[in-house]
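Given as structure tokens, the chain that follows is alone and in the form predicted alone.
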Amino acid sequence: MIDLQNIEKTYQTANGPLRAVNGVSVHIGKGEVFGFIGFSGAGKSTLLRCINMLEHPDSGKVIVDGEELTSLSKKELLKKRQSIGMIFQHYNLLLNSTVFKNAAFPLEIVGVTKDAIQKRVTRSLEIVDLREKEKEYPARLSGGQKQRVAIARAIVTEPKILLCDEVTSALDPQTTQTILHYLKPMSTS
């Protein structure tokens, strides 16, 4: 399902080059739950962002579902990303949009019909137990609720692959258990 072949990524900083990812190769099969662990600044987020090509590796190949993403055009890559959900470490919510609109955003940008958006967003918000908050704005939500909005936004597209960047790192233990409870069924579907 995911093959990373000798992925390398270096950033240019004021102090010179910083190698964030150095020759990583890994195979992740369908249905597998896989985690990257390491110290802060070790390149975990960069590697994760290389999988969906939010970061382009300097070298190596990213193959997802048999398709090499590193060789796709911008248009082809946008289409392929529709099958890859991403839950960001810092939520990346639209502050001026309601919970519903935040969850609907990935469907709106690809032109899904309003009726389909209504059904899929409602279902996603029900999965993460936020249906009653659909008209609220992010500023009125707790950290755990914001993270659940981010999960709803990621799963609303019904992705084949769900990437999670430290999805529970800033949460208390109870909220962490709740978030993991929501994510677990997705790893078996």
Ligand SMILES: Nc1ncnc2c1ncn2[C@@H]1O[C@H](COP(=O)(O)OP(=O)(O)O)[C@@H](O)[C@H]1O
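The structure presented is a predicted model; accordingly, all values stated were derived computationally and were not measured. Residues carry their position along the shown sequence, with the first being 1.
The discussion below concerns the form predicted together with the named molecule, not included here.
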{"property": "Which of 61-69, 131-139, 32-40, 118-126 sits within 4.5 Å of the named molecule in the model of the complex, heavy atom basis", "result": "32-40"}
{"property": "4.5 angstroms heavy atom contact with the named molecule in the model of the complex for Leu180", "result": "no"}
{"property": "In the model of the complex, Gln145 touching the named molecule (heavy atom, 4.5 Å)", "result": "no"}
{"property": "4.5 angstroms heavy atom contact with the named molecule in the model of the complex for Thr13", "result": "yes"}
{"property": "Touches the named molecule in the model of the complex: Thr157 (any heavy atom, 4.5 Å)", "result": "no"}
{"property": "Within 4.5 Å of the named molecule in the model of the complex: residues from 45-63 (heavy atom criterion)", "result": "Ser45, Thr46"}
